[in-house]
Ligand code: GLN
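A single chain comes next, written as structure tokens; it is the form predicted on its own.
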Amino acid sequence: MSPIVVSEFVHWLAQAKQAAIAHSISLAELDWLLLGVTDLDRLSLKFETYKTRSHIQCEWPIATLQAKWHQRIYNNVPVQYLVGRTPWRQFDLIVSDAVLIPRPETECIIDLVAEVIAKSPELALGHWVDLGTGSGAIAIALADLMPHATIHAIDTSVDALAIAKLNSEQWGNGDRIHFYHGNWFEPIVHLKGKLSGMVSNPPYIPSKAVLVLQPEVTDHEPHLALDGGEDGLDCLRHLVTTATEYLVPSGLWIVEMMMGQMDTVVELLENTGYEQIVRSQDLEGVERFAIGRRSGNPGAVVV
């Protein structure tokens, strides 16, 4: 930590707030940055009690702090990348521009898995896969939710896998998460017919739409994790048709998607023979998650 003289910090903070307001950036993001890299807490920021101190302890010197906030204001760099971490569920995850920033809506996918295994507890004893793991958020949450399951996490990006491994080690469940570099199910052919569940937040945004998203997303988040092909459904189609080879009878299939894709995905599931298909909304009321169970009578879970 580097000590910053309070008078210098106060002067910089006033300028940082003015720049944020001028560029329509929420002051909450500035608080987020400071909470992530200084020894200040929310109360001291709110009531400015830090002004009675002589120094602020910060991970960076004042010049770096200024440069980082400049990147947020003028280069649209997400504050999560500036801090290098983001909260997600009960976890504080390492992130970089090699991985998609885990969104709050994706947290709901873990709650949906919890609902399923509460009714089918045998599924929580087997093998689960997180396809396109990115930061490892879903895999880590699955391992936390199902302490007796084995989690397999796959990504095509070596850099993303490095971040995911760091996160799993940080949260103490790295011994139950197996990481693979590859495309979708290809690295786990040995698990055909053995998966109790498949979870994925795949790329689902149409290629042209990726180019006109918010600049924070288009300019900085990995397009590999966003681009779902011409209509956004390339990966979703593949996951529907391929997963039946890997899931146990009545094994769980659950994915995230964007608004407007649910009807097509449900139709694909129905035509591929999935059962107990459920549409689920996120916290904003958007149909975000589709759930299906592989057809067939459930047998013993393969472990």
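Quantities reported herein were computed from a predicted structural model and do not represent experimental measurements. The numbering used is simple: start at 1 and walk along the sequence shown.
Below, we turn to the form predicted together with glutamine, even though it does not appear here.
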| field | 4.5 Å heavy atom contact, D231 to glutamine in the predicted complex | value | no
| query | Is Y204 close enough to touch glutamine in the predicted complex, meaning at least one heavy atom pair within 4.5 Å? | reply | yes
| E105 within 4.5 Å of glutamine in the predicted complex, heavy atoms | yes
| said: Under a 4.5 Å heavy atom criterion, is A225 part of the interface with glutamine in the predicted complex? | reply: yes
| remark: Counting only non-hydrogen atoms, the one stretch of 217-225, 82-90, 117-125, 178-186 within 4.5 angstroms of glutamine in the predicted complex is 217-225
| query | Which of I94, V113, L131, L100 has a heavy atom within 4.5 Å of glutamine in the predicted complex? | reply | L100
| task | Between 238-275 and glutamine in the predicted complex, list the residues on our side with a heavy atom within 4.5 Å. | result | E256
